[in-house]
Each structure stands twice: as C-alpha cells, then as structure tokens.
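So this first bit is one chain, no partners, the form predicted alone, shown in structure tokens.
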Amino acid sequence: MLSRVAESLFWMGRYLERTEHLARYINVEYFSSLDGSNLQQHDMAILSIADMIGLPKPDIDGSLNEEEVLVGAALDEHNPVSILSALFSARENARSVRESISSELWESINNLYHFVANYPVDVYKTRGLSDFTNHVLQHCSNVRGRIEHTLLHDVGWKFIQLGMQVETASQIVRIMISKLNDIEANRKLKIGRSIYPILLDCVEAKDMCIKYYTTAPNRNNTMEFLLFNPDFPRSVSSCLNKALTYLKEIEPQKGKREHRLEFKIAKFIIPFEYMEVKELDNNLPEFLEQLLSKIYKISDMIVEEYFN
C-alpha cells in the first residue's frame, strides 16, 4: 500500500473519531448543566467545552460568551478542532482515497459533512444544539457501520482502525483531564455536583460501569473502568492494545526487536496494563497528562514509521 493512501486512511479514522467524541461532549456537558439549580454549574459546563476545544479559557465572572464557545466548538471553520474542521479534514482524506474505500462509506462521510456545513448557525444558537449533536452522533454511527461492514478487512481497514483507536484513547484521556479540572473548580466554588456520572456519560460508559461494579460511580471505579478495564472497548487500555494488535498485523517487522515499531510502542503500553488506580491517587492529574503525551508520542512514531 502506498504510504500516501495509508496516511489518508489513518487520519480519516482519527478525524471521524474526534468528531464523535466532541459532539457527545458538547451534548452531555450542556444539557446535564441545565438540570442543576445553580447558574454557576451551567457556566462551568461552558468553560469545560471551551477547555476541550482549546479556546482561551474565559472568566466565569461575567465575561463568558456562551454562544461564542458553542459555535466555536461546532461550526467555526477557523477553529482547527471544531466539529466542522474535523469533518472537513476527514472528508478530504476520504476523497483522496476514493478508490480504496466503498462508495457507501464515501457517501456516509460526505452526507455527514454537508449536514454540518449547511446547518444554520442561527438555529444552532437558539434551539438546535440537541438536534445538531444528536444527528452528528447518528451519522457517526452510520459511518462506523460502513467502515465495519462495507470494507475489506485488509491493510487499509487496519490503518483506519489504528487511527480510530489512537484517537479514542487520546480523547478519553483529554475528557478525564477536563472533568478532573471541573472537580477542582467545583470544590473551590463549593458546588455540590457529582462529576463522575457526567464523565461516564461523555463516553457512553455509565450503564456498563454501574453494571460492572454494581454500585454508583465514584472516583475509583470510574477511573479504573475508563483507564484499565480490558472488556470495555473505549477504555484506554483496550484502545491501546487493539492499536498494538493492528500494528502487528499491518506488517510483520524484521530486524532486531528493539528497532521494531511494535516493540517500541509495547514498552509504553505493557507497564500501563499492570497499574492500579490506588497507585495514582496522589498524582492522577499528572499521570493523565503524561499518559496523553505518550499517546501523542505513539501517534508520532506511527507517522514517522509509515508516512514520512
């Protein structure tokens, strides 16, 4: 496979996964904040969305522009991490490899892009946020189904999956970092609000976490479930292990094992599998920042090995 084609498939997978996680995060954060009686809870949700998309963090003391943040997260073509920008990049990567993907997958991605690109900003600002985010999530599920069921599960498909797993792992960690920041902010503002159910909802994990532990979400079981649970497909451990499996299947590498990409990446992943949440109690934010840096490093190593 040409490295150009593999690179486009890899980044197509990443941008699609980024789109889905951001749409869900906006939806859960915004609407969960409306349930509270404290106005500051809603302002904190907007601040959290701004933090997730890399906007300069506004103050909570009256300078917070809700519309600016929400539009910037979804429909701002000048914001490189908005939903619209991510979908534009996904569509361009898909368009460049039309001969390597099915027409059904291309049409699904193209339809999703046009839905977002043509969504009226005025409607989105006033009454369309739920409609917009839910339709994006439905479109993303459709695209995921086309990837799974209309493509050959060959090397190209594995590069798509590799991109999706790396992006999912990074998004889960970024969401966890953001919610830990929210917990600290709530503590300072003396807002009695449980963040862990909202964190789990942001990655569609609450029901399975409750089923697994048969108790309400708390700090330990939430962090353990999202970081280390091998049976939950969006846990960081599960995503990284699947990424390593796809790497091994893409191309058996020869030469000294310490020079192989799979060996270098396994050195990042294997120690992570044997950690426990109780080991991280005192430095969980620092650990998550370091973990995110390692995931970005894994992505850089893949790019260097296959695409440069």
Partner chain sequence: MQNNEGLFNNYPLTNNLFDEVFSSPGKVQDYYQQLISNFDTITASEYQMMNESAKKSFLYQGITFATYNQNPKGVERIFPFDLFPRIIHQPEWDVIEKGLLQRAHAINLFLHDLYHDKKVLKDGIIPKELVFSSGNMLKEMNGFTPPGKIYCHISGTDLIRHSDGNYYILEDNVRCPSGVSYVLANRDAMKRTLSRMFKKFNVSYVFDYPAALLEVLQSVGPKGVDEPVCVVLTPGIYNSAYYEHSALALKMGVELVEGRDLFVDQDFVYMNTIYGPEKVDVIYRRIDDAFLDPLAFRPDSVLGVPGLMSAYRKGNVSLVNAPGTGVADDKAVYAYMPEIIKYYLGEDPILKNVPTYRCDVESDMKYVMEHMDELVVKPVDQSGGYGIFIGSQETKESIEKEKALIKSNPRGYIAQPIMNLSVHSTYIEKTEKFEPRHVDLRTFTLIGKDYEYVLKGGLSRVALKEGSLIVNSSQGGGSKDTWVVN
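Numbering follows the first chain given and starts at 1. No experiment lies behind these values; they were computed from the predicted model shown.
Below, we refer to the form predicted in complex with the partner chain, which is not included among the displayed structures.
> Check, residue by residue, if Glu92, Ser96 and Glu99 all come within 4.5 Å of the partner chain in the model of the complex, counting heavy atoms only.
Yes, all three are in contact.
> Using heavy atoms and a 4.5 Å limit, would one call Pro271 a contact residue for the partner chain in the model of the complex?
Pro271 lies outside the contact set for the partner chain.
> Considering non-hydrogen atoms and a 4.5 Å limit, does the partner chain approach His114 in the model of the complex?
Residue-level check for His114: yes, a contact with the partner chain.
> Flag Thr126 as yes or no: does it have a non-hydrogen atom within 4.5 angstroms of any non-hydrogen atom of the partner chain in the model of the complex?
Although the partner chain is absent here, Thr126 would stay clear of it in the model of the complex, with no heavy atoms inside 4.5 Å.
> Given that the partner is absent here, does Phe88 sit within 4.5 Å of the partner chain in the model of the complex, heavy atoms only?
Looking in the model of the complex, residue contacts with the partner chain include Phe88, since a heavy atom lies within 4.5 Å.
> Only one of 206 to 214, 129 to 137, 155 to 163, 224 to 232 has heavy atoms within 4.5 Å of the partner chain in the model of the complex; I'd like to know which.
After filtering at 4.5 Å, what remains is 155 to 163.
> Of these, Leu244, Ile250, Leu261, Ala50, which has a heavy atom no more than 4.5 Å from the partner chain in the model of the complex?
None of the others qualify; the residue that does is Ile250.
> State the residue from Ser141, Asn218, Asn110, Thr150 whose non-hydrogen atoms include one within 4.5 Å of the partner chain in the model of the complex.
So the residue touching the partner chain in the model of the complex, by this definition, is Asn110.
> What residues in 258 to 283 sit within 4.5 Å of the partner chain in the model of the complex, counting heavy atoms only?
If the 4.5 Å heavy-atom criterion is applied to the partner chain in the model of the complex, 258 to 283 yields nothing.
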